[in-house]
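Let's start with one chain on its own, the form predicted alone, as structure tokens.
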């Protein structure tokens, strides 16, 4: 890692919340430069704060072109509010036209947490999918699958494993000689999860976006790197326009014209480059300079805005020629919602979060005991004001329960000014949480008959 002071660990119990440094250190892009159509409250409030190539998804959305959304669940515990934040983003993408794929990581849950496949299926269905439909996901546009039953995911992960090594895993995840092999294998299976929706039998070549908490970025970095390593044709900036570089790999040498003795069959090579030129010219480019000797094709008239269309055509060509033709996934990153105690939310620590099936009495008790941003006494609070940035009740209203931005801004200012007391802020949160949880419970009952439909697409 570039800076050991900032650690991102997908399996850790504590994470850095220095989001500016995380953006800089790990090469994320800020959301500030993007114009989000019909933004959700998570976008409006800066809770979704960074991305990788989200502009690709927004372009598809604007053009009415297909794109997919991928998320996953670990069937080992109860679904809490932090999980609902991901589903809110998935639903938003679905409403913008994306199809949704949800991976149930039953193999990983079995290998790393000892949950049987049968129990994992039950947890996924009754605890997670029942809430997904209640939260608004459309069964007709959503497919849920189990890792243990979709062999192509495991096969793809195994094939992608040829493109990496333990040194890269050590750099990305901090693995060492004491790391168990289940943890080594799990990221490769997740790479298969993320990339396989692009395969022809699961929707075909299209961009896939993965909305996650920033702690999951190591999986995205690994997967993006693996996808790009499989690509036969790479589109890069040139001094003038764009340049396509041809990548000769172990499994494509014959297609590239490289014979077993190492010699180049000029006829095969010329035919390949002719196909590359035809693929690019179909987009309307006429000034294309092919240089088989150097393994490049230059497009002087192309700009960075043309990269995506050229890349997609070349990935399609790669598939025709027998390659994977995989597009690196896009991703978005949201901030962590603080746990009730001021620490990270965790399903294994019930006091740190609200679960989606908590009753209102339980929710009220947890919120009343939650970490406060108020002062020690009422007098000090009236004089100095409270800190909504540290106050769990306010944070939960901002992240989950309050949709009215103006009202949220109003209580923020009044809390800072000492006009709203810490107990009053907790009561405001209790009121909103009661409405939210009651409505969710009613919707679970109303939509329970739709749960089976998520597994039939």
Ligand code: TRP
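Because the structure is a prediction, the values reported are computed rather than measured. Numbering follows the first chain given and starts at 1.
As for the form predicted together with tryptophan (TRP), it is not shown, yet the points below apply to it.
Taken together, 243, 277 and 296 are entirely out of contact with tryptophan (TRP) in the predicted complex: none brings a heavy atom within 4.5 Å. Tryptophan (TRP) in the predicted complex is approached by residue 72, whose closest heavy atom lies within 4.5 angstroms of it.
In the predicted complex, tryptophan (TRP) lies within 4.5 Å of some heavy atom of residue 147. Tryptophan (TRP) in the predicted complex comes within 4.5 Å of no heavy atom belonging to residue 130. Among heavy atoms of residue 363, none comes within 4.5 Å of tryptophan (TRP) in the predicted complex. The contact with tryptophan (TRP) in the predicted complex, taken as any heavy atom within 4.5 Å, belongs to 190 out of 370, 198, 330, 190.
When you look in the predicted complex, the only residue of 105, 156, 100, 226 with a non-hydrogen atom within 4.5 Å of tryptophan (TRP) is 105. Only one segment in the set 427 to 435, 387 to 395, 412 to 420, 63 to 71 has any non-hydrogen atom within 4.5 angstroms of tryptophan (TRP) in the predicted complex, and it is 63 to 71. Contacts with tryptophan (TRP) in the predicted complex, taken as any heavy atom within 4.5 Å, map within 182 to 217 to 190, 193, 194, 210, 212, 216.
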